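Given as structure tokens, the chain that follows is alone and in the form predicted alone.
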Amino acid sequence: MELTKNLSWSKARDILKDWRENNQRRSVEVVEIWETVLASKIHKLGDDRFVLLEQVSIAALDCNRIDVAASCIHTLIKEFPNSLRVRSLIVMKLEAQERYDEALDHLDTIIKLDESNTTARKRKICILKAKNKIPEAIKELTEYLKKFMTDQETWQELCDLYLAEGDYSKAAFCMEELFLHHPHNHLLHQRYADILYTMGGPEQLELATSHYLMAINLNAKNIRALYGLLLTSQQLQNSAKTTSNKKKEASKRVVWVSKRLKQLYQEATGNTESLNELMGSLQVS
């Protein structure tokens, strides 16, 4: 209560405005200031009260104060009964109450009225994931990406869901889309190679090798890429479907990667004994 001691309503209003403008959530303090200072002075705030009510609603939901959020949202509904922004607050409250089906109904209405509302589409996907409806979430993500193809975070999320479903070929396609935006990101090359390695088969292993090498070229200390290259090369080396020339190349890579891993391990720890014991049991998951 020290925060609100001797705090005037005008000073409290200015504090919350400053937090909004500087993107400071500070949910506990916002609810405290609202309850002890501003709730009884809301009539003095003029038009500023609406954005403040929105701020308090979100803060209250962060603190699981459904009663405070419901009161603020109710006031906003009376002022703006057709506002999609207010309807989004209703969705957030329903989510906090785990009333997911009702939240989805509201989100469908928002999307129908405003197809470009990316926030509503993403909220719908989050709810579907929370309900463990992964196929439905994948469908929504693919529909979303038809309209917003450059949303890289969504491509990454779709890749994760395909991996969760064991659909590695589609997960690989998502990674290929990400390459278009970040061709020099070593982590993307490494992850793509991991997926190809998991898929297996001579062609996939050859392609995985190329991308592990690319990841290492971009970051010489990418340990996971080095491990992946080692395992991939060992599989190609031992495969009956690998030509003799490619087996020789794979053997050379095994030797080189083993030396490189031991060098990095020794630099980090000062010994290689533990690493020698691990070399036979490495896995890429």
Partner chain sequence: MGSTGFHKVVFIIGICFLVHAAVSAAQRKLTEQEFTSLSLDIVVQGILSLIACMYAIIYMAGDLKEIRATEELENKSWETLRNIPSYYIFSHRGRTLSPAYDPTSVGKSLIDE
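Small disclaimer: the values here were computed from a predicted structure and weren't measured. Numbering follows the first chain given and starts at 1.
Not pictured, yet referred to below: the form predicted together with the partner chain.
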Whether Leu84 contacts the partner chain in the predicted bound form should be assessed with a 4.5 Å heavy atom distance threshold; does it?
no
### Query
Are any of the heavy atoms in Cys63 no more than 4.5 Å from a heavy atom of the partner chain in the predicted bound form?
yes
Taking the shortest heavy atom distance, is Leu113 within 4.5 Å of the partner chain in the predicted bound form? no
Close approach of Lys11 to the partner chain in the predicted bound form, 4.5 Å, heavy atom:
no
Which of 69-77, 166-174, 199-207, 94-102 lies within 4.5 Å of the partner chain in the predicted bound form, heavy atoms considered? The stretch 94-102
Note: exactly one of Ala39, Val51, Ile58, Ile223 sits with a heavy atom within 4.5 Å of the partner chain in the predicted bound form, namely Ile58
When the partner chain is considered in the predicted bound form, the residues of 14-29 having a heavy atom within 4.5 Å of it are Asn22, Asn23, Gln24, Arg25
